[in-house]
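The chain that follows stands alone, in the form predicted on its own, written as structure tokens.
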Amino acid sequence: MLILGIESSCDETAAAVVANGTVVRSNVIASQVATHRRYGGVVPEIASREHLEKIDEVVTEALALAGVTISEIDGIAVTQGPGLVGSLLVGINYAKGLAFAAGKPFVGVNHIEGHVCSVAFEFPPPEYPALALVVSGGHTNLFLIPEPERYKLVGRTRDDAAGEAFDKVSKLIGLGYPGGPVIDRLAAQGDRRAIIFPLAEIKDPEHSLDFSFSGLKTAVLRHVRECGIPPVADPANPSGEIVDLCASFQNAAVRALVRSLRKAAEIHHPRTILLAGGVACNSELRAGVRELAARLAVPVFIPSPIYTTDNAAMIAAAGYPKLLRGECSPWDMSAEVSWRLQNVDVETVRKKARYRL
């Protein structure tokens, strides 16, 4: 079964063709990083316009690289949310038009579920129950997955997402946008114990697995002001104190993420641990989660960077079982900007879905 995936939730316009939910035939991504870098972050209106300009070209290229025509596609999966409303609508409306013209079923997919499914291309099916830590610029969530397509949110950020904290700290010290890759690179050269930043402790026992990064961000700001550290003039040649700051900040952020994952594992005893989302590219986080999994004697699935950042292959993978069951979203489907992946199960999806056109 060939699925065309379409992703446009934020600042990547992406399309992919995936066979049977696991075999990537093509995976095309048009990034807008260069466009938004000058503004220090994603500008929603600009992102929407770039999606409009690129989406037809990206989908056409994905089909061509896969060596198929739209008539050979069995269904279309498109990101319905969460994300930026204008960006989401570009992908949704394009998918609807393509589905209508070609007479193909289409289904809306939760972007976070797509990240969870990104492990499908390089690993065997997880053993359940599984724990999934999904960390990106807009989301930091911890899910218990008792079986495929069932999710229970057991931990979430109370304020900034981890990737957002990386971007804000990077902007504060003059390293630009996006912050994650440059901080990760500089941190490898620094002393992660040079500055001891505090970790937020959630006192509420019912939400002890939650995250908070606003206090860490504030601690970095206070340290910069108290020490009189000027913004970096030349990002290619930062001072030693900036390098140590990057290492110390990253270490604190990673320790907070791994700490909650460890607590969740002690409570829920998973048989597989998954790490996904754009921040899963971070080298220290990948190493920390692998180390934790080794101590627990539990297999850990961490996708290659091309599948951790936003891509359409993961959307196709998430849409595959739904389309295989014959589900199809209604024509009036719209963007779900704040769509939470929580307590979603097969029966709920079936009740909401309409069936083949």
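Numbering starts at 1 and runs along the sequence shown. Note that the structure is a prediction, hence the values are computed from the model and not measured.
Below, we refer to the form predicted together with a small molecule, which is not included among the displayed structures.
Shown without its partner, this chain lists Asn282, Ser87, Asn141, Gln80 as candidates; in the model of the complex, only Asn282 has a non-hydrogen atom within 4.5 angstroms of the small molecule. Interface residue among Pro129, Pro231, Pro181, Pro125, judged by heavy atoms within 4.5 Å of the small molecule in the model of the complex: Pro181. Using a 4.5 angstroms threshold between heavy atoms, Ser26 stays clear of the small molecule in the model of the complex. Within 4.5 Å of some heavy atom of the small molecule in the model of the complex lies at least one heavy atom of Glu12. Within this chain, Asp244 is remote from the site of the small molecule in the model of the complex, having no heavy atom within 4.5 Å. Mapping the unseen interface onto this chain, Asp167 counts among the residues with a heavy atom inside 4.5 Å of the small molecule in the model of the complex. Listed stretches are 172-180, 219-227, 201-209, 143-151; the contact stretch with the small molecule in the model of the complex is 172-180, by a heavy atom cutoff of 4.5 Å.
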